[in-house]
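Just one chain follows, in the form predicted on its own, and it is written as structure tokens.
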């Protein structure tokens, strides 16, 4: 282990020497809109860039996840997966032009997750620059339908249909540098719709306000007694509704997420919220419905797992301070299938989910070096226990 650990600081400078290639990949693919369920154009460019990078095999699976494979030297070692999601939160009508300055890149979706995809595309060139080869095949996968209502369908299908064992995996996210996710909470993401129906003018004049009905739902959710153990919370993340300022709102929508390290508690809280909306719906004679968007079961690696210990050693060698918290990303699907995996952040950024999101260029080189170090740790047996 010490051999490759000692090389990591020199890797940073070598990676920096191909800075233009990495930035070009980030900008070229990041400026292509890729909202969830509409990733086709970005998928095509991802495949094109992998072919130009001269990977040994470039293909898609049955769900249209684009994959590049770099063959290893061993015919018996299972492959190592490096994964980043292709979709972003922004629709096609949002301006996706990036602004590149000396120290930063700014643009919609840059941190979530165009920088991750751009770095993934750059790995073949980086491996060549560092003169690296591995025993395992390296599978570079850009997965579709990941965020929001996509419910991680891309990675679910890819792993479900992959024919061989998988040695280990690294999930790449734009930020933050120091991010070390190795466990996932149980989660249910849902939406509550309130619709006020009217059949005549009298009802229209005295009908309830959908926004106020959802406000009542929120007040009841906030009164729920959530335990500290198992750690549990409800995040009220999104609300919308109404037509215009002078008209009582006849529809409104609330988006929320239940999180806990206990699957049983997630389901209990979900049922409590279902009881709340049934009661308020009946009491106010309004239409209240709850729809599940996505869900996950809790899963984790042990903190003393060799992969985690090796990753911390890599980060410390690069003067990166590890910060751990649960992640509901592709990581959770790997862990649920008993595949050792973790999620790493590449750089530092700002305004993650806004149109003026930005990334810092300089920290990225350390972020990439840590990814290389973790791949080398897996190839040296960190996931072979």
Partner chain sequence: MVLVMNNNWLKKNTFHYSEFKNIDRLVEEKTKKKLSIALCLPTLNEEKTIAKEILIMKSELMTHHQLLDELIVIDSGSTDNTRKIAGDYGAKVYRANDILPRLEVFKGKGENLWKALYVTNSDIIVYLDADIKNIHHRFVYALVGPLLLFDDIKFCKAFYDRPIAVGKSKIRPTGGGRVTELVIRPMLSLFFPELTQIMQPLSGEYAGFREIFEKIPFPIGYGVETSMLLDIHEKWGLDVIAQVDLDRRIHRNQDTKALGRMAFVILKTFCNRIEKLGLININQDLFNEMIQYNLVKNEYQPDILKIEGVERPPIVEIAEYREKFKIKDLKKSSPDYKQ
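Numbering follows the first chain given and starts at 1. Computed from a predicted structure; not experimentally measured.
One more form of this protein, predicted in complex with its partner chain, exists but is not displayed; see below.
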* Looking at its partner chain in the predicted complex, do all three of 28, 102 and 355 come within 4.5 Å of it through at least one heavy atom? -> yes
* Partner contact for residue 94 in the predicted complex: its partner chain, 4.5 angstroms, heavy atom -> yes
* Determine whether any heavy atom of residue 49 comes within 4.5 Å of a heavy atom of its partner chain in the predicted complex, and answer yes or no. => yes
* Does the 4.5 Å heavy atom contact test between residue 23 and its partner chain in the predicted complex come out positive? -> yes
* Asked: At the 4.5 Å heavy atom threshold, is residue 19 in contact with its partner chain in the predicted complex?
  -> yes
* **Location of its partner chain contact in the predicted complex, chosen stretch of 265-273, 86-94, 211-219, 238-246 [non-hydrogen atom, 4.5 Å]** => 86-94
* Structure fact -> Among 125, 279, 135, 191, just one has a heavy atom within 4.5 Å of its partner chain in the predicted complex, namely 125
* Out of 98, 250, 256, 162, which one falls within 4.5 Å of its partner chain in the predicted complex, going by heavy atoms? -> 98
